[in-house]
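Before any questions on how it binds or moves, here is one chain, the form predicted alone, in C-alpha cells.
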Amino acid sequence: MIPIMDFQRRSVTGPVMQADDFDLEFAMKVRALVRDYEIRYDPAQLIVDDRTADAVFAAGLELLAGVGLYHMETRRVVRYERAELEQIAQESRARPADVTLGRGRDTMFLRYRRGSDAWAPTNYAGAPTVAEEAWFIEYVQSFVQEPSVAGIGIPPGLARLGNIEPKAGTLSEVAVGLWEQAALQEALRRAGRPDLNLGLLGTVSTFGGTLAMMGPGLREAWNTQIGIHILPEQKLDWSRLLLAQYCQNRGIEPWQSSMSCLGGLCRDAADTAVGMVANALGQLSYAHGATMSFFPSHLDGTWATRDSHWAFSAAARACERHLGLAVGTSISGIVPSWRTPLSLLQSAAIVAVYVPSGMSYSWISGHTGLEARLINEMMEAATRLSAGQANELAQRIMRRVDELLPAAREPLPFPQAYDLKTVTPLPDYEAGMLRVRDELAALGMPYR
C-alpha cells in the first residue's frame, strides 16, 4: 500500500488542472475504456458474468491510472503508476476482509464474501435519514431491538436540536453530535445491547467535529467507522486524507464508500460500474481499509433501478474477483416511498441481485426495525438461489415494481408506522409489510 503521507507530496506537486478540465478528461476516458473493453449494460441479465466483471475491473484500474484523483483544494491531480495500483489490488486480494466491530455479545463481522457462498450477508442495518428529537431514540430502538440486526450502519441525524441548527465546522455541529451520541446509547440501553457497533456518525461530518465525538462513552475504535470516501467523480480534499490518517493511527476501520452518478459524467450503467471501481481503488490507495460500499444512483437521487442494479453487480463482482474486500450497500427503495410496500419490494429486488453478486453486508436495511427483519429473511433466502434463478426472481419483482411506481405514495412518517410508547409496529403498517412477504414468496423468494 502507498504510505498515506505520500499523498501530501502528490497533492501539492501533481499537475495543475481546473475541475472542469479534469471532469472532461474523466468522462472521455471512461467512455473510451468501456468501448475498448466491450462492456455493455444488459437489463435482461442484472447479475454480470465473470468476463464482464474482469473487464470492469481492468477498465477501472486503467481509468484511475490514466486520470488520477482531483484534489479540490490544491487544484492538482494526484497521479498513480499502473504498477502501484496492481500492487494495491494484489495485496488486498491476498488478505481477504475480516473486520470485527462491536464487542462481547454484540460483536459483529464484516467479511469478504463470494456470491456463491451459502452464508448470508451481515445485517449492518441502519436507521437512516433525518429524525426528530421527539422520536429519535425510539427510531433507533426499533432497529437495535431486532436480534437479526448486527449493528447500525448509519444512524439518523437531527435537522434541529431545540433552537440549535447544526452547521458544519461550528460549535453547533458538536453540540448536536454529542446529543445524538447520548441518545444512541440510550436506545442501546433500552434494547439491552450496550456494546453494539454504531457505524458512521449521523450529523457530524467535519474533521474537528469527528474528533470531538471520539472518547470513552462516545465513539471508540470498536463501535464506529469514519467516512473517508471521495466524492464522485474522483474528487479528494484534505479532510478525507486527515480522517484516513486518524483512522490508521487509532485502529478504526475506515468507511470506504464508492459512489458514482448515472447520467452525469458516467452516462450509463457500464460507465458507472467502471467509475465505481476506479473510485474504490482510489480510496483503498490511501485509506487501506477492508470494507467497501458501492452506491450507484441517478442524478436525481433515485436508485433501485435496473441500471443501478447492474452497475452494482458489475462493480461488486469485479471486487469479489480481484480485491477481496467486504462489499456493502444500501438495501432501500426510492426516497418518496419509504416505509411503504413499494419500497420493500424494491429492497427485495436489490437483495435478489446483490446477494449473488458478492454482497457482504447491508448498511441500510429498510427504514424500520420490522423492515430490517424482513430484509434479513430475504438475504438468507437469496443464498439458496443460483445466479440464474436470482436474476429471474429480480426480473419478476422489478416488473411488479413497474406496475406500482405510477401510484407511488408519500413516505410514511415513523410515528405512523410504530407505536412510540411500546416501540412496536402499528397494525396497518405491519400488515402491509407482511403482505409483501407473502407476495415475494408467491414470486419465488425461497423462504423456509
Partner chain sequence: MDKVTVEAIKDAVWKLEKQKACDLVQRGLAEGLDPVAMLQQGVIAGLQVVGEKFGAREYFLAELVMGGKVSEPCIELITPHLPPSTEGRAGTVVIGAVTGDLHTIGYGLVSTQLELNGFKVHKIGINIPSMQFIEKAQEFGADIIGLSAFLVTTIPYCPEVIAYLQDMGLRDRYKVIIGGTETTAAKAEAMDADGWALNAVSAVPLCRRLVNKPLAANAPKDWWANEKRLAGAGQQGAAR
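Positions refer to the first chain, counted from 1. All values reported here derive from a predicted model rather than from experimental measurement.
Another form, the form predicted in complex with the partner chain, is not on view; read the next lines as being about it.
Proximity to the partner chain in the predicted bound form, single hit among G115, P232, G227, G324 (heavy atom within 4.5 Å): Spelling it out, the residue with a heavy atom inside the cut-off is P232.
So which of A182, A83, A94, L299 gets a non-hydrogen atom within 4.5 Å of the partner chain in the predicted bound form? Selected option: L299.
State yes or no: in the predicted bound form, is some non-hydrogen atom of R396 no more than 4.5 angstroms from a non-hydrogen atom of the partner chain? Judged by the heavy-atom cut-off of 4.5 Å, R396 is well away from the partner chain in the predicted bound form.
G264 within 4.5 Å of the partner chain in the predicted bound form, heavy atoms: Result yes; G264 sits at the interface with the partner chain in the predicted bound form.
Is A44 a contact residue for the partner chain in the predicted bound form, using a 4.5 Å heavy atom cut-off? It does not: once the partner chain is placed as it appears in the predicted bound form, A44 has no heavy atom within 4.5 Å of it.
Can S148 be called a contact residue for the partner chain in the predicted bound form at 4.5 Å between heavy atoms? S148: no, not in contact with the partner chain in the predicted bound form.
Candidate stretches 103-111, 371-379, 348-356, 197-205 - the one whose heavy atoms come within 4.5 Å of the partner chain in the predicted bound form: It is 197-205 that comes within 4.5 Å of the partner.
When the partner chain is placed as it is in the predicted bound form, are E220, H367 and L420 each within 4.5 Å of it, taking any non-hydrogen atom of the residue? Checked in the predicted bound form: no contact with the partner chain for any of the three.
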